[in-house]
Ligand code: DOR
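A single chain comes next, written as structure tokens; it is the form predicted on its own.
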Amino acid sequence: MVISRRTIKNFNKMEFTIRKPSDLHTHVRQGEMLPEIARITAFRFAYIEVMPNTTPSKQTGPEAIAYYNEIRPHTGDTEVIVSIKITPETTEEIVEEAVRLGVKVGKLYFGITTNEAEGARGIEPFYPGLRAMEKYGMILSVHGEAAYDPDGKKIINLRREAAFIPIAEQIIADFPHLKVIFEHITTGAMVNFIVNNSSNRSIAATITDHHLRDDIDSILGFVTASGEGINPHNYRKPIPKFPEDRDALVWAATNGLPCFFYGSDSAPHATETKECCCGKPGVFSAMTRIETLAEVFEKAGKLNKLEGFASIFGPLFYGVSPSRETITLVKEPWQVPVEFNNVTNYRQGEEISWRVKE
């Protein structure tokens, strides 16, 4: 899609305007946390997609729609896209009903993450659900990490995404008409896989703002006044990798390739569940998403590519219309609050050089 002249002409060093962005991978949790987290996650975004890994998870259309009805009163003008979790027990009847009710996405958790303690140990048990998704036009969204090798041996975190690529190849070979999103990718190897397979089929990947900015040292080499330490609030799944992987992600996001679009994976956990002996994975980036993206794209000299990545390519892949509303970002520094609703913010206490104009 060609970005409009209206938008292009407004790009300068101090202010620019883009269509309202969409965040196609979020978590708003449940219970008392949900209303405020849903509100701030939806704020200034046209669409948000909400993941189904609650407790219990959303595995059917009626469960997903009930979750939608719980979230939607708190999101204002922002539309909510819900998904169901695909399991070995997902039948054609489950998929057909979900699609009929308006559920667009089925989520497959291959990696180990929040409320997913084990991770899948083979793709074949999910084939009945995948066949039905291909038949009824449901999008497959995959957490693309292999936690175990074929012999059942656990794979180290830094190698899990690379270990998943043969499984990704199997999925697209066996289901050639299935639209697939490989979520929150973190490696140059996965960037190459997406580019090499996106030209003649519906393959895409989401990239988060924090993976565009961080490498593994954002967790393990966090610099404080007393030296280096661990930052539990930067711990997430999949973990960021090496600087060259981050650079590959920046290249993918900033070069106007429609197969890459934005999903923040903003994942809130109460501060006390992060700052403990077994801290939960998840970066709560809802308050800083588009501003962080502006910094990344500015550093790359590609602010004119931000609208495609954040506002256009994702909705088009989902078959919905990009927003006609706009937001304007201005070059005006502000400091990120430490907490929101008992959740520590990503980039807490830092100064960000861009803000959204009110």
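Note that the coordinates shown come from a computational prediction; the quantities given were computed from them, not determined experimentally. One rule holds for the numbers: they count along the sequence shown, beginning at 1.
Separately, the form predicted together with the ligand exists; it is not shown, and the next lines address it.
Option from 246 to 254, 159 to 167, 261 to 269, 221 to 229 whose residues, in the model of the complex, bring a heavy atom within 4.5 Å of the ligand:
Of the options, only 261 to 269 has residues within 4.5 Å of the partner.
Any chance all of 187, 213 and 241 sit within 4.5 Å of the ligand in the model of the complex, going by non-hydrogen atoms?
Not a single listed residue reaches the ligand in the model of the complex, so no.
Find the only residue in 90, 78, 114, 206 having a heavy atom within 4.5 Å of the ligand in the model of the complex.
Contact residue from the list: 114.
In the model of the complex, the residue from 104, 237, 179, 233 that sits within 4.5 Å of the ligand by heavy atoms:
None of the other options qualify; the answer is 237.
The ligand contact at residue 323 in the model of the complex, heavy atom, 4.5 Å
Looking in the model of the complex, residue contacts with the ligand do not include residue 323, since no heavy atom lies within 4.5 Å.
Should residue 129 be classed as touching the ligand in the model of the complex when contacts are defined as heavy atoms within 4.5 Å?
Contact with the ligand, no.
Should residue 289 be classed as touching the ligand in the model of the complex when contacts are defined as heavy atoms within 4.5 Å?
Outside the cut-off, so no.
Within 4.5 Å, heavy atoms only: does residue 29 come near the ligand in the model of the complex?
The answer is yes: residue 29 has a heavy atom within 4.5 Å of the ligand.
Which residues within 44 to 69 place at least one heavy atom within 4.5 Å of the ligand in the model of the complex?
The one in contact is 53.
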